[in-house]
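As a starting point, one isolated chain is supplied in structure tokens, in the form predicted on its own.
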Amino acid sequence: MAKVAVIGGGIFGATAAVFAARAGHQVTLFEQYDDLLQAASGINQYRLHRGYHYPRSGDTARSAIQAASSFRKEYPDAIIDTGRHLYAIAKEKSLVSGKDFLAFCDAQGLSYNIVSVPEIVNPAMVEFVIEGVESRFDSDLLRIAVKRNLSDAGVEVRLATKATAATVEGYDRVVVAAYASTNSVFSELTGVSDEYQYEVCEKPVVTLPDSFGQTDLVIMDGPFMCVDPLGTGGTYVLGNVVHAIHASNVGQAPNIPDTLKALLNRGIVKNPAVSNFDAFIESGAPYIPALAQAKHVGSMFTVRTVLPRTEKTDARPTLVTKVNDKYIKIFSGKIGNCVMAAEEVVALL
């Protein structure tokens, strides 16, 4: 049995801590915020991906397909199986043709039906719309499930605690799952850092007409947008490949504009001083007419972190790396992959 410190109370760190404890290790989880799943794990599109979203990266799609069942098994109470899950291929500027998208779905074994939904999608703007077999998760219910699993596994949780070299002194193994803060943690602990692409993102939360009907919708594949229900409360989260990003850089740490620092990882901020909401609506309404009636409830802000120079494939790999005899690093942007990553961590421990 090893004494293990896990740094990062997002879904990857928390799940790794649970699995390590179940394997018999003595585990302490350190989280810099005053609650779990406060950053990107709690601010995203809440979609349990099964691969449809990644027609330019077969590896990412296959990983998502494999991971979905393990996430569902670990967090069944957080899964939402109601509603429709639609993907539309734009007629212009899509990086994948309709023919290629359907061939991709067939190659990956992804079920779909081509549907007509003129009340949701403007048919003049898309080649076609498919309905896929996918699910969502409720972030509040996921947080409850995470806390229960941590308690049941006997993990000691230390909130509002920023990990330092002194913090992890005396631990046999250290697992770093800090996502956007990975380099700041690793440079403090080991002097090692990697290059990432950081994106300071906005997720507007809106109400839509009742006719939208708990629909997940993605306009594929390129500089477009998506609409996803937020839990079951009747609001929706908007995503946009272009307008969601307020600042972007490749390097060792995110460059966060001063105007956005106070907005990060605070949940829904009403009447934010900075917002691209109007640009979301202007660019999205031609494809999704209901957006013209969207009412802005507020916006969520966080830092998304991806591997640099992946624009061609949009790949989102999950990487579990043994850095040396003491340190293991988890890096991933796909929440559904957290259980598979935790299993890899246990194998390395």
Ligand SMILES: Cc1cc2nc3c(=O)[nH]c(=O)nc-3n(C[C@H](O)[C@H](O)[C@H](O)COP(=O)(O)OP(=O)(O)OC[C@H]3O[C@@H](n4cnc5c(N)ncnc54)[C@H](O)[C@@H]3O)c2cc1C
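Residue positions are given as counts along the sequence shown, with the first one as 1. Computed from a predicted structure; not experimentally measured.
As for the form predicted together with the ligand, it is not shown, yet the points below apply to it.
Original post:
Where does the ligand sit in the predicted complex: which of 207-215, 273-281, 180-188, 120-128, heavy atoms within 4.5 Å?
Top reply: So the stretch in question is 180-188.
Subject >> Heavy atom of R143 within 4.5 Å of the ligand in the predicted complex >> reply: No - in the predicted complex, heavy atoms of R143 and the ligand never come within 4.5 Å of each other.
Original post:
Could you tell me if Q108 has a non-hydrogen atom within 4.5 Å of the ligand in the predicted complex?
Top reply: No, Q108 sits far enough from the ligand in the predicted complex that none of its heavy atoms falls within 4.5 Å.
Original post:
Would R56 count as a contact of the ligand in the predicted complex, using a 4.5 angstroms cut-off between non-hydrogen atoms?
Top reply: R56 lies outside the contact set for the ligand.
**OP:** Give a yes/no on whether T161 approaches the ligand to within 4.5 Å in the predicted complex, heavy atoms considered.
**Re:** So T161 counts as contacting the ligand.
**OP:** Only one of Q45, Q66, T310, Q26 comes within 4.5 Å of the ligand in the predicted complex by heavy atoms, so just point that one out.
**Re:** It is Q45 that has a heavy atom within 4.5 Å of the partner.
Original post:
Is any part of 315-349 within 4.5 angstroms of the ligand in the predicted complex by a non-hydrogen atom, and which residues would that be?
Top reply: Stretch hits, in order: S332, G333, K334, I335, G336.
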